[in-house]
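We begin with a single chain expressed as structure tokens, specifically the form predicted alone.
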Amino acid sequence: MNKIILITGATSGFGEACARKFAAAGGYDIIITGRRKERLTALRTELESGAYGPLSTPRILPLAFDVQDKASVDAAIGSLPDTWQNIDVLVNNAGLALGRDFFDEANMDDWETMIDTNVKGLLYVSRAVLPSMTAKGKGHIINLGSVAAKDIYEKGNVYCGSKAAVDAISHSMRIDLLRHGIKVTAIHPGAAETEFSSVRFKGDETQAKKIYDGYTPLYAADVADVIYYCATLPAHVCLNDIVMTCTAQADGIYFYKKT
């Protein structure tokens, strides 16, 4: 019987790549969630097509909701069909950065959105999914953080703060859920070429592309590979905290760019 994985933010970036990785590997049925219903529908069609080979025969359940909306989260998770309720792995991937401005010049609506998505959304989904894991005494929660949680940089302010919160919450989860046998992993990627920069710079593609000039960044598939590795380790093994960057990046601040 296949395990069940739920992935938030599966309409692009790490979440979409993660869905493809688990579908290709086999052994998992996949709940894909996000705000953009049409993208979820297209991804479901792709994942169910068998294009990834003979092992790829997953069931796919798309759920369109916004993690910022607690009522929508509770309604979506609470109304899962019986055959989808036994969630084995939760990937809390939904998140974003908005703006890169000095603290005193930043748009406070951007701050609200980042906190509501990156922090509250993770909390809402985790609490909604946890009852099924605690009932069986096992499960795995994988939270997507950022190198911004480890190294605070200029004009990062609330984005860095929201990811530092993910780091601390992940550690707290790990401690509090020990008694239930639930694994908790925090993965902190560095610069990765996804929609991230386009969203951060609010559609300014020229500015977004400049971020990756002079070096090869991570790609979404690289992060998905690490998520899959963590999720498929033996039951007694948990990778707690992972910082991953491209070779040209040392941490949240230092890069070597060829110009």
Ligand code: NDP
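Numbers follow the displayed sequence, beginning with 1. Quantities reported herein were computed from a predicted structural model and do not represent experimental measurements.
Omitted here: the form predicted in complex with the ligand. The next part is about that form.
K.L.:
Would Val89 count as touching the ligand in the predicted bound form under a 4.5 Å heavy atom rule?
P.N.:
Result no; Val89 lies far from the ligand in the predicted bound form.
K.L.:
Using heavy atoms and a 4.5 Å limit, would one call Lys210 a contact residue for the ligand in the predicted bound form?
P.N.:
Looking in the predicted bound form, residue contacts with the ligand do not include Lys210, since no heavy atom lies within 4.5 Å.
K.L.:
Ser146: heavy atom within 4.5 Å of the ligand in the predicted bound form?
P.N.:
Judged by the heavy-atom cut-off of 4.5 Å, Ser146 is in contact with the ligand in the predicted bound form.
K.L.:
Considering non-hydrogen atoms and a 4.5 Å limit, does the ligand approach Lys163 in the predicted bound form?
P.N.:
Within the cut-off, so yes.
K.L.:
Is it the case in the predicted bound form that Phe14, Gly95 and Ala191 each bring at least one heavy atom within 4.5 Å of the ligand?
P.N.:
Spot residues vs the ligand: full contact, yes.
K.L.:
Just to confirm the contact call: exactly one of 23-31, 193-201, 43-51, 230-238 touches the ligand in the predicted bound form at a 4.5 Å heavy atom cutoff, so which is it?
P.N.:
It is 193-201 that comes within 4.5 Å of the partner.
K.L.:
The ligand isn't shown here, but in the predicted bound form which of Ser126, Asn157, Thr117, Ser132 has a heavy atom within 4.5 Å of it?
P.N.:
Exactly one residue meets the criterion: Thr117.
K.L.:
For the stretch 59-83, return the residues whose heavy atoms include at least one within 4.5 Å of the ligand in the predicted bound form, in the order they occur.
P.N.:
If the 4.5 Å heavy-atom criterion is applied to the ligand in the predicted bound form, 59-83 yields Phe65, Asp66, Val67, Gln68.
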